[in-house]
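Consider the single chain below, provided in structure tokens and representing the form predicted on its own.
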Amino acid sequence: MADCSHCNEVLASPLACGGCESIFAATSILSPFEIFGMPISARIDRSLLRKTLLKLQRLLHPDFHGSAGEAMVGIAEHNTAEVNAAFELLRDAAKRASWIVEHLGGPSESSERQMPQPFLMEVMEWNETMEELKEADDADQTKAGIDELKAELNTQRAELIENTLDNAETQLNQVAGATDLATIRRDLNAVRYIDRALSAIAAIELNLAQAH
């Protein structure tokens, strides 16, 4: 990390100095990791991420820079938006792994849409179960089915996330025999499917609650 051009203290972020509380307009496109002064890694310290967010939000608050003129307020507002966007990506394990895949030259969501082949049979079964739950008349039976399906989906999601983080980390570290980036992308596509399925289940739960 570079030193502050005003006080020479090491910058916690290229956007602001915690020492003299100066703020800076970015001279290049910064990665989410650069904004938070973190090395690129699939796994991060979430407490440190949150702590850094609060520090940067305080340093960059537009009201704090009002006396410095309209241009400086504009920089503060822009930097705050950049920090918030970076935080939303870094705190989400799936989004973080997805960013790393593309950063390393792997396929994007739009260029690789497939899911792991073994996962597709489970998808068919889950889709059938959701259709049955939508048409079920017994509220108690429907709720039990929803709870069972949610538990299965959440378990699968947690396992997929752990695998993608492990595999993304080995790619970053250039470990011999590491899982290829296309495979990681397909696992992330499976996570996206599960997220959509959980949203659909939430809609079923809402309809069930409204009906009773």
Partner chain sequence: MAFLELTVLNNEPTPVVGIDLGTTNSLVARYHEGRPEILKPPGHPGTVPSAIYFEEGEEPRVGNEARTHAIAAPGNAIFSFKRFMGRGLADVAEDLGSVPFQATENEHGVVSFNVHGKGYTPQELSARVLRQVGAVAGEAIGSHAPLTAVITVPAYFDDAQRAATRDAARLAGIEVARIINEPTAASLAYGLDQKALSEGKEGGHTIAVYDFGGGTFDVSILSIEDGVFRVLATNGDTHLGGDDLDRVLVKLAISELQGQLDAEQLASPTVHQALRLAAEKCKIELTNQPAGELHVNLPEHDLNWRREVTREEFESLSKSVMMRTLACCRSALADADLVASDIHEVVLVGGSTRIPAVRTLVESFFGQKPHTELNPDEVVALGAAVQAHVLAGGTRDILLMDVTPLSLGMETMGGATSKVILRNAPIPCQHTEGFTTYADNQSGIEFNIVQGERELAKDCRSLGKFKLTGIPPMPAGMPKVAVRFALDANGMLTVTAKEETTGNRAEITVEPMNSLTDEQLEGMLMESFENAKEDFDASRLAGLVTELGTMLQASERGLKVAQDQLDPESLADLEEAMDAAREAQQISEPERVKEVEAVRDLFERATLPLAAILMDSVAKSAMSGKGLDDF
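What you see is a predicted model, and the numbers here were worked out from it, not measured in a lab. Numbering follows the first chain given and starts at 1.
Just so it is clear, the following notes concern the form predicted together with the partner chain, a form of the same protein that is not shown.
In the predicted complex, every residue of the candidate spot (L54, R58 and H78) has a heavy atom lying within 4.5 Å of the partner chain. Within this chain, R43 is remote from the site of the partner chain in the predicted complex, having no heavy atom within 4.5 Å. The partner chain is not shown here, and in the predicted complex it never comes within 4.5 Å of any heavy atom of W99. Proximity of Q174 to the partner chain in the predicted complex falls outside the 4.5 Å heavy atom cutoff.
Although the partner is absent here, R50 lies within 4.5 Å of the partner chain in the predicted complex, judged by heavy atoms. Between the partner chain and the residues D137, D140, E88, E131, the one pair within 4.5 Å by heavy atoms in the predicted complex involves E88. Within 4.5 angstroms of the partner chain in the predicted complex, the stretch 93-114 places no non-hydrogen atom at all.
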